[in-house]
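Listed next as structure tokens is one chain, alone, in the form predicted alone.
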């Protein structure tokens, strides 16, 4: 990652302890993190704690090195202040530079993100709201705050956004928006087909691949509609989310949202069969000898038939690297790309955060990829999509 340095500013809030987790997660994502603390922040979390996580001294003194406020800005891509107190927000708005962090704000040319944390009355005070508006005019983006229980025991808007939201905002701010203007429809997860009020037919799909695609597309500037069967995954913020259960419900949702889509990525594992009849009451064991099934509708084939100028991408989960099966599916369903994964390979099955894929395009080009995180696989798929659209 070229110039992956992030400046993490930490100010004097009880939420400062969350800065350690923010730093750790950013490092896990491949970023280098340099922490800059205000003197007040040191009352809530020690510099040593943050140094231990980042492997770099947590800077607290404007005079710790000559021109550090300039060199640090030049060496970083993003200034993230989390948490940011009312005092810091007001200072930055007025251009007051009396410590290292506020000097960095004046010298930083790249993006700045601020995650406020304070009492709800402080947050809604006219002076703070005025400062926020002024900073927004200069291009600063604010993450939260959110409503909830505050450290003082009160309830209200002023709680710092959760760590995952802050980290995602930082990654998004540093991601090229090459999909801006695209409306991408993504399906994810399994469908479940009821037998009775208790039992159902389904599959092992966790939805992780589809959710990773939705997240990656959002980071790259696309508008994303995510249609998902039942999973334990949390939908990314800012996605247009549609929850479904049965294959028939997914079909209805996909066809309803298809007209606005410029690309469709069908990562869902839709059940191939559904019970011919659903019992309204739970069946006893002795009453179940045969379950009559019927085929579900082929949603991907219907999308392929109505694709027009859209790019349509399908998936083929196989027990073995069945290239010919994937090619046949690509042709039969009028796809632009098909993503083949052999679920028998270690790290490429269900309920894992990695995948091993082979991408085949309609011209017959076959590209194998090694074991990667699913978010990396998602970006490979989106890179291929942008190549088709250029």
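Numbering follows the first chain given and starts at 1. These figures come from a predicted structure and were not determined experimentally.
Omitted from view is the form predicted together with a small molecule, to which the following refers.
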| query | finding |
| --- | --- |
| Heavy atom within 4.5 Å of the small molecule in the predicted bound form - residue from 115, 268, 101, 226 | 268 |
| Answer option from 298, 157, 237, 306, heavy atom within 4.5 Å of the small molecule in the predicted bound form | 298 |
| Contact label in the predicted bound form: residue 316 to the small molecule, heavy atom within 4.5 Å | yes |
| 4.5 Å heavy atom contact, residue 54 and the small molecule in the predicted bound form | no |
| 4.5 Å heavy atom contact, residue 208 to the small molecule in the predicted bound form | yes |
| Residue 341: touches the small molecule in the predicted bound form, heavy atom cutoff 4.5 angstroms | yes |
| Segment assignment from 164 to 172, 208 to 216, 102 to 110, 121 to 129: heavy atom within 4.5 Å of the small molecule in the predicted bound form | 208 to 216 |
| Triplet 329, 355 and 374 all within 4.5 Å of the small molecule in the predicted bound form via a heavy atom | yes |
